[in-house]
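Here's a solo chain for you in structure tokens, the form predicted on its own.
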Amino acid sequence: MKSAAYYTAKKITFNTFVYLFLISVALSCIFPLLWMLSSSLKTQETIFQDMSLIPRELHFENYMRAWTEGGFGRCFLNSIFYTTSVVFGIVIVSSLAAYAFSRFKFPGKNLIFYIFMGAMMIPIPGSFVALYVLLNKLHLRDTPVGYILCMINVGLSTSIFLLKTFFDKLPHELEDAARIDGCSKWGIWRHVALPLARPVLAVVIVFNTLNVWNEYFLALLIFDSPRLMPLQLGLMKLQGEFVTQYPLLMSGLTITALPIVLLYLLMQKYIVKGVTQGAVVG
């Protein structure tokens, strides 16, 4: 029979390979960010000559030039406004819809839910023509409201699916106790369902924030006015027709990525809980 030392050594070897694999994956994800940050502090001449991650000379003025030449000020405020409005709208609408699909009975419930799920399989560019025609008829093209409504629609299907899956596993006894205390259906959604769904809501918020923050093609379709464009327009201005100022472009990309990285760092605890929530609820 094999000894306990053999199984211990086998387990240690297996864990070592797993950790080495995970470390290599983490490094492959972090390295492009480090390279982007490093390139943003170089000059146009040294970016192709100096291959080190730590430049010999740090040119922080690249960030100021990228901010001014790319017109990041207005675009940055636009992106913050669009992202905040869209994510808030998605959280409210998707949580109400998911709770209704999970707890209420009404005609066509399953059909409507399957329609929402079917919308997940339609890529955004596949709906560009329909959205353009619809917004024109509603006189919402080239308006922030039209763009926000479109982006809310884009994020609803996945958000409803995630939240409904969570609400399905909530014990009914919690709602019964709230109902005995005098809570209405609205009160149960607000005071019971939403607080318990915070980990899943964190996943919904991060997922949709990333989607809205990085969106450009739909904005290019809807907006004609440069003053309404999101942050990605500033990045396009830094790409010249014949020559691209790569340090400025890397500085712009760093400015664009920083809010998303900070959001992940602030909400990583809730994201992990949201991913594993299905195993601990019910």
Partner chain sequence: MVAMGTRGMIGESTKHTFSLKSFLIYLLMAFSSFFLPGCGSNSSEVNNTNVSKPTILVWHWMTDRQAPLAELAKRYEEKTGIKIKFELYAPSDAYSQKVRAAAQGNNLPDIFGILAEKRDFAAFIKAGHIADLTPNMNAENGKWKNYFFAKALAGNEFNEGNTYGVSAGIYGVPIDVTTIQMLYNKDLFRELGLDPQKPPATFDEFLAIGDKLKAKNMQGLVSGWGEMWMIDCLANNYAFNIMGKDKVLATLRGEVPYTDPDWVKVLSLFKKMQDSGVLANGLVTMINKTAEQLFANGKAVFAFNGSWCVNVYKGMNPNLNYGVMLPPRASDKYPMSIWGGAGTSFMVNDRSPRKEEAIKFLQWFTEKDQQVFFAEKTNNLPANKESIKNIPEILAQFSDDIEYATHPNTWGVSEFPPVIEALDKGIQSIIIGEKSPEQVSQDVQKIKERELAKKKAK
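Numbering follows the first chain given and starts at 1. What you are looking at is a predicted structure, and each value in this text was computed from that prediction instead of being measured.
Separately, the form predicted in complex with the partner chain exists; it is not shown, and the next lines address it.
**Student:** Though the partner chain is not shown, can you say which of A257, L220, L58, L53 has a heavy atom within 4.5 Å of it in the predicted bound form?
**Tutor:** The option sitting close enough to the partner is L220.
**Student:** Which of these residues, R74, K109, K185, K169, gets a heavy atom within 4.5 Å of the partner chain in the predicted bound form?
**Tutor:** Partner contact (heavy atom, 4.5 Å) among the options: R74.
**Student:** Pick from 249-257, 224-232, 59-67, 25-33: which stretch has non-hydrogen atoms within 4.5 Å of the partner chain in the predicted bound form?
**Tutor:** Every other range fails; the passing one is 224-232.
**Student:** Any of the heavy atoms of P144 lying within 4.5 Å of the partner chain in the predicted bound form?
**Tutor:** Flag for P144 set to yes.
**Student:** So in the predicted bound form, does any heavy atom of Y82 sit within 4.5 Å of the partner chain?
**Tutor:** Yes - in the predicted bound form, heavy atoms of Y82 and the partner chain come within 4.5 Å of each other.
**Student:** Is Y132 a contact residue for the partner chain in the predicted bound form, using a 4.5 Å heavy atom cut-off?
**Tutor:** Heavy-atom contact with the partner chain at 4.5 Å: present for Y132.
**Student:** Evaluate P123 for contact with the partner chain in the predicted bound form, applying a 4.5 angstroms cut-off between non-hydrogen atoms, and reply yes or no.
**Tutor:** So P123 does not count as contacting the partner chain.
**Student:** Going by the partner chain in the predicted bound form, which residues of 189-220 come within 4.5 Å of it through any heavy atom?
**Tutor:** If the 4.5 Å heavy-atom criterion is applied to the partner chain in the predicted bound form, 189-220 yields R190, H191, V192, P195, L196, R198, Y216, F217, L220.
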